[in-house]
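Read the single chain below, which is given as structure tokens and is the form predicted on its own.
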């Protein structure tokens, strides 16, 4: 049996925020969500989250994740006190307990799995995930024998000059034999300036405690302030970009590109500089995104071009050209081989295949058929001050430049709407629509200086 406990009760005062530290966002997910995802790799039989500061907010944020058990720690009196709260919910449990902190989002799944494997193979009382830091200044040093059995842990300030040359430190991630830990936990004391119970004291009461080094020391980094959060963002971005470039994605100036690790990219995608991909975005092969584009929670089909544009919560088919300077939002769907061009905005739009809106248009709450051409400056007037209305346009219809379609309205198939028209009534198929005032010309109206001839001044 295996249980995982995540420490998520702290306030995180150095973050300077009312939001619990573990709920701080990092590349599309909270810190604690990232830790939970990594922990799921070991297929635990039980997952317990120890909550305290604003526990209702933490529990609400994690409610969609199944099979979580929330254990309150009130008040918060240290890491040892936090794990003491598990004595009742884990009463009768036999097996191992992995202890993680909710603010270590860089921890990889394979690292946790290796920690558990080594712990089981060595039949240890406790196994500590350690890291070899290039600069361990300020960290307590972990001293082991040649078999990686921990002999002692010495705080930095108490180390001799030679001891400070040791670069091995504890990450605060552990795997315990629960039955041995349960016997040791009641022995913890708070004889320190903070009057807190430290989990590391249990090592004094356990038989065999061993160390396992993380392959990447950055996995051990916790997040305590905004500077460390920014560094974690850089680490995740580097990992994500390297992953996709190795999978066949081309990135031009990758250091200028940000990609959430929830994004999916196919081989032969090209990402131009200053492009940002967020959420559950999916980009299919042969597509070029950017430069200077932002896409979130959207799908872009194969062999598309999206330049200088924003796509939000929408779907774009194959072989489309988007932008420059287009915005597609509000669960819009664009069919195959479409052009959504310069300064065109779609909102809750359903666009049929091979339809073009190339310039300067707002198309909201609209359904466009196939092979429709939308002239420059076309607007769907979809709002009457109280609610939104639908515009429906049939196949092969041509909408002249600077036209206004006043919703609710339905335009049939194969309709031609004259430029500058304001269309307020439904139009049947195969029609020509001209909805504008008759042109009036008054010749010889001005004198050579541009004054009205009949102006008394």
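Computed from a prediction, not measured in an experiment: that's the story for all the values here. Definition used throughout: the rigid core is the maximal C-alpha set that superposes within 1.5 Å between two forms. Residue numbers count along the first chain shown, from 1.
Omitted from view is the form predicted together with a small molecule, to which the following refers.
*Asks:* Taking 22, 101 and 140 as a possible spot, do all three reach the small molecule in the predicted complex with a heavy atom inside 4.5 Å?
*Replies:* Yes, because 22, 101 and 140 each have a heavy atom that approaches the small molecule to within 4.5 Å in the predicted complex.
*Asks:* Looking at 86-94, 255-263, 107-115, 217-225, which one sits within 4.5 Å of the small molecule in the predicted complex if you count heavy atoms only?
*Replies:* Stretch with heavy atoms near the partner: 217-225.
*Asks:* Does the 4.5 Å heavy atom contact test between residue 176 and the small molecule in the predicted complex come out positive?
*Replies:* No - in the predicted complex, heavy atoms of residue 176 and the small molecule never come within 4.5 Å of each other.
*Asks:* Indicate whether residue 325 is a 4.5 Å heavy atom neighbour of the small molecule in the predicted complex.
*Replies:* Answer no; every heavy atom of residue 325 is more than 4.5 Å from the small molecule in the predicted complex.
*Asks:* Is there a heavy atom of residue 383 no more than 4.5 Å from a heavy atom of the small molecule in the predicted complex?
*Replies:* So residue 383 does not count as contacting the small molecule.
*Asks:* Is the gap between residue 78 and the small molecule in the predicted complex 4.5 Å or less for some heavy atom pair?
*Replies:* Yes, residue 78 sits close enough to the small molecule in the predicted complex that at least one of its heavy atoms falls within 4.5 Å.
*Asks:* Within 4.5 Å, heavy atoms only, which of 373, 73, 237, 353 is in contact with the small molecule in the predicted complex?
*Replies:* Answer to the contact question: 73.
*Asks:* Just give me the single entry in 172, 364, 335, 369 that has a non-hydrogen atom within 4.5 angstroms of the small molecule in the predicted complex.
*Replies:* It is 172.
*Asks:* Note yes or no: does the Cα of residue 241 move by 2 Å or more between this form and the one not shown after the core is superposed?
*Replies:* After core superposition, the displacement of the residue 241 C-alpha between this form and the one not shown stays below 2 Å, so no.
*Asks:* Superposing on the rigid core, do we see a C-alpha displacement of 2 Å or more at residue 167 between this form and the one not shown?
*Replies:* It does, since the residue 167 C-alpha is displaced 2 Å or more between this form and the one not shown after the core fit.
*Asks:* How about residue 88 - superposed on the rigid core, does its CA move between this form and the one not shown by 2 Å or more?
*Replies:* Comparing the forms between this form and the one not shown, which are aligned on their rigid core, residue 88 does not shift its C-alpha by 2 Å or more.
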